[in-house]
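The chain below stands alone and is given in structure tokens; this is the form predicted on its own.
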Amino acid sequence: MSTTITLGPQQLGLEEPMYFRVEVDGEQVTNLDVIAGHAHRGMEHLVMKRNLYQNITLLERLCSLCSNSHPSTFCVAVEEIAGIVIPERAEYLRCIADEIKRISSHLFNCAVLGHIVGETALFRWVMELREIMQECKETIYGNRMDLAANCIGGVRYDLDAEYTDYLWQQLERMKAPLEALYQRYAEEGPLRQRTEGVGILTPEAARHYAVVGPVARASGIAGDVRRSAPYAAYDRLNLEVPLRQEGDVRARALVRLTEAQQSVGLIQQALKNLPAGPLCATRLPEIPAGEAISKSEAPRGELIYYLQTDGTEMPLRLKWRVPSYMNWEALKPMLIGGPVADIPLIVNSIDPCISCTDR
């Protein structure tokens, strides 16, 4: 007998408010409606009340786990309109900040997966490993979440010899635990049984819903802005796009853990090749009237910014499209046919960010 249940807006499997109207037949999900809008903060209105420089601070507060991607992508749009070329050192430093945030974000998602399946010890282990990156952020940037690393024309922080050595040592500490963590998620029997074959998104469905980021790459779709449309210094770093074909919860976790390992290597490449020079353009021109679209690979996938200016310091229009906007539509094929008990696990596997999607 078919019935309709509601989940949310507060729920165990998600830290942010999201509302699901689920049709079930017994314990099996037969249909799903995702209803957003419970975290609406009017951010697109607020950015119109602040100038371009003030918006760097505001946009970093759109989301905590991918907070560096928002101001970085916004700055690129401003720089494109104004014809600003940032120094090469700043390009590498932007990559370093992005990859540090990527490691922290991916590990947090994998930790929550452990929590949902009842692996409390695994949750604690992943969070303790993530703490190494949190300490790096606090030491280098002065903050554990919002780094305030970016400015129009470059970056606001630098790495001297002491900080470079410190960061290198912390990255070395990450390598063996990350490999062990990957093996556990890949091979441990109970964890594999709970995640393998759950929430499958086929390559055809992934293309149909235009999913991005680790969700797409876990279904065999090789999309990564850092490689397809390089920005900052990514065209000078050796980057491989990890792919899996299974398209299930396990595959999405393994892609994230592989990317965390690769991020360690990318940061070390950037540290090795970090050129000398200024951190910011020496002179910033007036921002002319114009429009630009910029994009980056946030931890959850492709992040797009549209900026329109009118020759003043105030934006004429500013809009962004975040990865979760694309990914949460794909929850329907992932959930239909599965048990109700798998809903929190599958929803967490797309790593949704409600606050930056609701805007």
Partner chain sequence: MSDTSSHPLHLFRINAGSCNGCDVELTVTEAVERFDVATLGCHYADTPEQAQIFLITGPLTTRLRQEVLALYAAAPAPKVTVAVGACGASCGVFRDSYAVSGPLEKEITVDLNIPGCPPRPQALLDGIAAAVRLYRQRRGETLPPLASASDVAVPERLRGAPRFAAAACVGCRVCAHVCAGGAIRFDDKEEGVALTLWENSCTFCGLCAHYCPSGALTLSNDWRRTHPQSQSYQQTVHGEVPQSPCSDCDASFTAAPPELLRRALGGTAAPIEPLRQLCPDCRRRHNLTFATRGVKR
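Residue numbers count along the first chain shown, from 1. These numbers were taken from a predicted model, which means no experiment stands behind them.
The following text describes the form predicted together with the partner chain, which does not appear among the structures shown.
Scanning R321, H38, K295, K332 against the partner chain in the predicted bound form with a 4.5 Å heavy atom cut-off leaves one residue, H38. Contact with the partner chain in the predicted bound form, judged by any heavy atom within 4.5 Å, is made by just one of V198, M145, A82, L237: M145. In plain terms, the part of the chain that comes close to the partner chain in the predicted bound form, with a heavy atom within 4.5 Å, is 30-38 out of 30-38, 322-330, 286-294, 304-312. For the candidate spot formed by R89, L181 and A186, no residue has a non-hydrogen atom within 4.5 angstroms of the partner chain in the predicted bound form. Using a 4.5 angstroms threshold between heavy atoms, K49 counts as touching the partner chain in the predicted bound form. Taking the partner from elsewhere, S228 is found to have every heavy atom lying beyond 4.5 Å of the partner chain in the predicted bound form.
For the chain shown alone, G26 is not a contact residue for the partner chain in the predicted bound form, no non-hydrogen atom being within 4.5 angstroms.
Although the partner is absent here, F108 is a contact residue: one of its heavy atoms lies within 4.5 angstroms of the partner chain in the predicted bound form. Taking the partner chain as it sits in the predicted bound form, the stretch 124-149 comes within 4.5 angstroms of it through a non-hydrogen atom at R124, M127, E128, R130, E131, Q134, E135, E138, T139, I140, Y141, G142, N143, R144, M145, D146, L147, A148.
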